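Coming up is one lone chain in structure tokens, specifically the form predicted alone.
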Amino acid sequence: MRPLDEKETTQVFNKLHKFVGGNLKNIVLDNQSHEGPDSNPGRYCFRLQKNRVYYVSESLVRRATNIKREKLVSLGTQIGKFTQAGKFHLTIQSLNLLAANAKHKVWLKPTSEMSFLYGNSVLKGGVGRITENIQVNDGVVVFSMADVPLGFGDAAKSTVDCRKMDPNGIVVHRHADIGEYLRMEDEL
């Protein structure tokens, strides 16, 4: 497990910024770790292991130095992975981090939740609420009406355009949803 280099850090921060905007500082700087017996709480950091990026407390990183790299399977919360082409993709495990700091949100009606969890995009007819000032291609976190995070994706339409479109129009293109835990459990 090693720290991210400058290029990798830029890709990770750009992807996170797409979803959390200015709240990125909450994730990187302000989030204090309360793990471990240390009196100093420390911070969270990003580490790379086998093309997967983990969000982990510095306290755990120090303790993990006693484990050989080949033997270390996972540490902290996996938030994404780098593809063979070198691009960074967020994974569903990052949902709690994104939901807590989300800039743009969409809430689904109960009748549309299952469709989204089966891997479909969000249609306008299934939207219960939507935050203001969403632009096309902004990162959006999808919630149930009970504020349970269900997944995330890219906005297909702006908030203004959503009000004018027909109920079968796509509002959010799905990137990941919590249904992946069942559909793709071997790959996670």
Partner chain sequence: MTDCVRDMAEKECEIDLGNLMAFDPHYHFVSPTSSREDVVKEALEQGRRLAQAVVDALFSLPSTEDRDGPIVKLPEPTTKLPREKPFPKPKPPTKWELFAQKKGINNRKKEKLVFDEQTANWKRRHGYDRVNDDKDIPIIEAKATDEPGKDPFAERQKEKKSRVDRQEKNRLQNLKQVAKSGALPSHIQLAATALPITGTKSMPKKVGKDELQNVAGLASTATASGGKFDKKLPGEKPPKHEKKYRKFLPAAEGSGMGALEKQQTEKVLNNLISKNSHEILNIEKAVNMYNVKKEKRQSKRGGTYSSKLKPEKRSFKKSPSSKSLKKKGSSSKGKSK
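It should be emphasised that the depicted structure is a prediction, and the values quoted were computed from it without experimental measurement. Numbering follows the first chain given and starts at 1.
Not on display, but discussed next: the form predicted together with its partner chain.
Its partner chain is not drawn, but in the predicted complex it has a heavy atom within 4.5 Å of D5. Residue contact check for Y54: none of its heavy atoms lie within 4.5 Å of its partner chain in the predicted complex. At a distance threshold of 4.5 angstroms between non-hydrogen atoms, E132 is in contact with its partner chain in the predicted complex. Its partner chain in the predicted complex comes within 4.5 Å of no heavy atom belonging to K50. Along 1-29, a non-hydrogen atom within 4.5 Å of its partner chain in the predicted complex is carried by M1, R2, P3, L4, D5, E6, E8, T9, T10, F13, N14, H17, L24, K25, V28, L29, in order along the sequence.
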